[in-house]
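Encoded as structure tokens, the following chain is the form predicted alone, with no partner shown.
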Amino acid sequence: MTISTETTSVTEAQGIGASPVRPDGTMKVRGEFAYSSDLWHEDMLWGATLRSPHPYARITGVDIAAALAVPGVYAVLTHADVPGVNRYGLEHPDQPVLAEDVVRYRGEPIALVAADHPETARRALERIEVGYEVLEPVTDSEAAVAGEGPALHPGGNVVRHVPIRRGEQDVTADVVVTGTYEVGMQDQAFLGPESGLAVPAEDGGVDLYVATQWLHVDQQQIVAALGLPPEQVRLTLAGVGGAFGGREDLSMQVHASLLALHTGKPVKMVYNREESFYGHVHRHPARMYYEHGADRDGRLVYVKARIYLDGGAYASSTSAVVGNAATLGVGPYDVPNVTVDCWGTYSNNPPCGAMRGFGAVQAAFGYESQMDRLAEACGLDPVEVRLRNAMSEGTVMPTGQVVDSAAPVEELLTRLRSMPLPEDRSGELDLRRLPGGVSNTTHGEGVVRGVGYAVGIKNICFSEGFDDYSTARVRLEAVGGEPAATVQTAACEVGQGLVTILQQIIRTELGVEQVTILPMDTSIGSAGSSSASRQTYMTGGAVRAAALKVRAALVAHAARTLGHEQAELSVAGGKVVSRHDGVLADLVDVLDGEAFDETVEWRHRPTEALDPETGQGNAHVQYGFAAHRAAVDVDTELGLVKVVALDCVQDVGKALNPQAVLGQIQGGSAQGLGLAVMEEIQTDGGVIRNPSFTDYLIPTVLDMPPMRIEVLELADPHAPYGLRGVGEPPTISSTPAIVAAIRAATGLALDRVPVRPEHLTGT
């Protein structure tokens, strides 16, 4: 990708293909940006949540009298105080707003307190008496599929099973490799905790200011619990300190609203870090059984897989995660015969749901580990075995769907392999470059280098027949003597830079410099979730469509006003331009008090539900691809790993903002590195053992290596501007590449992530 610095106008310099300054960037780096936890209201109360100390127990009684007697306490609420339906859920309403007779995970909310000070609320929580009959928890997803243990929900403990059947089911092959793989439970680890402010309104409703990923799906669940119509529950997006999937589900939204309506006062809720670990969903841990059959040249004949995903106590988005893991379960390869079964289950572990990569991450660790084993069994280079099986445009997926845009798997790998490797350690010793760093654990003795490759595939946007759309309103008028555009959507800016992209689209399509993005709220139609790498595609597509309608109306008006043919006119750089006569007028003069306002509900091309018996169907809108090469140094005596290089090649279709694209690739790779060597929520009998950033480790700037990145721009003809979703693919291939490098350095099988020191030393 070449980033050009030559432009002909301000709007071009800040339009599609440029990297303008983010409107929120300066405030964020200076610490001046207001996040949801900074919200404040005069005379507000503080809300707090009493949570279950047990993973699975029957509630025998709740006594709130002592808590109500605490001075400064305004309300103590239980399930009996929920005026509507005491159930919510992203896909299935199976989770109580407040537990009734059973708690199904450690940390499940039981009661709420509103008080005049957060410490008062905490003391009141300690005075609530709850009686429990502790039950034996269900903690194994494979056992849940087998029907072992009590049913945690009506219908049993299987949330969804997706079978994929393509080609012959009893085929044999000359070379067969098998493996069992596990992926630990990863946390999104966003730095901004769950928080928000609920303000009771004069109409009997509530205004909620909250950090979330999907305003309208929050609203749908809240109105059901409150027993109010949607027009009385108004949501506005507050400053979001990261999301990565963890804010798709409700956390404090209903709770704060209940307390505000009950007390008649604004109520603020902010989780601390430990409560945050209990208060949002995590990445599904997985156990996977793979069998790959190939001919002696390493070309795949068949792939068989059984994938078990632990969804925890409630469904959340488990059904969709299962769909992704199943349909993408053989990876970016051309496989004629496929047998895949994927299950998502209930357990008494913490609830799991959306996280960056969404089912594709777990599967990629399995199938990429298998490709390395296949390469070894066939005596091939790991890249070569992937090249021989790489899918391309026209490949038929295991679901029967034909890939109808670029699938440059071979080019990704070839470019990646041609990148220079990092230099060997030489010259003056620099402890910062060694495993263990400045802790001085080694001076290079026992340190071995390894190199590994991986490639991944991810679906973009929502799938399986979901009605995926985004609503956008664009208004163009003269403000202060200048043409100005206003954009309104409900698309959540969660740190990904969406507001910047929307401004760029307007500057490109309408040729105006001044673009205002209104606060995101539910006064306009839904924009869907800021997930699935979809917002640039979907809300970008909606804003572009609305802008094109505004432009068409503007040009028609200009043609009438200026006496020119409409077909020869365009707008650029704040001017109305004729194809034959050049600049005709300033745009602000043509507007002359007129305003052009258009609202569009925009959809991508339709998808299909999977056949329940065979898993066949055109389930996905678009596929994204990325490949990584990792170089690692491993201290084989202490089991410490230093990722020396993590290079990436990714196809993005069209880089609407090249700098933002690079940031997404770097950020996604960092989360993949975390899963590879450090990040795991460790549970014991359903209890989280490390709910803090002291014990749950995430990569820092010292852990991230330099990255060489190449970006391909192979346009998807079905997408706005030819773009391809960027955010998730780098998270998928980075983890298996790092583990492959560790295997190359140590010779160990390493069938589980994250790789911990004891896996490398045998202790």
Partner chain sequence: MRLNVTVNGERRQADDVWEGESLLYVLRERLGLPGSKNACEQGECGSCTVYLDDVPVCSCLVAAGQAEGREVRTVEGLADGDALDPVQQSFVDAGAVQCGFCTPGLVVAAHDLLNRVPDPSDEEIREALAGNLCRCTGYEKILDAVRLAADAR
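Rigid core here is just the name for the largest C-alpha set that superposes within 1.5 Å across the two forms. Numbering follows the first chain given and starts at 1. These figures come from a predicted structure and were not determined experimentally.
Although not depicted, the form predicted in complex with its partner chain is the subject of the following passage.
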{"query": "Triplet N86, E142 and R752 all within 4.5 Å of its partner chain in the predicted complex via a heavy atom", "finding": "no"}
{"query": "Q514 within 4.5 Å of its partner chain in the predicted complex, heavy atoms", "finding": "no"}
{"query": "Non-hydrogen atom contact P717 with its partner chain in the predicted complex at 4.5 angstroms", "finding": "no"}
{"query": "4.5 Å heavy atom contact, E119 and its partner chain in the predicted complex", "finding": "yes"}
{"query": "Non-hydrogen atom contact R433 with its partner chain in the predicted complex at 4.5 angstroms", "finding": "yes"}
{"query": "Candidate stretches 493-501, 132-140, 358-366, 610-618 - the one whose heavy atoms come within 4.5 Å of its partner chain in the predicted complex", "finding": "493-501"}
{"query": "G246, G107, G205, G192 - the one with a heavy atom within 4.5 Å of its partner chain in the predicted complex", "finding": "G192"}
{"query": "Contacting member of Q232, N272, T486, S405, with respect to its partner chain in the predicted complex [4.5 Å, heavy atom]", "finding": "N272"}
{"query": "Residues of stretch 221-255 in contact with its partner chain in the predicted complex (4.5 Å, non-hydrogen atom)", "finding": "V240, G241, G242, F244"}
{"query": "Core superposition between the shown form and the other one, C-alpha change of R58 at least 2 Å", "finding": "no"}
{"query": "Core-aligned C-alpha movement of E32 between the shown form and the other one, 2 Å or more", "finding": "yes"}
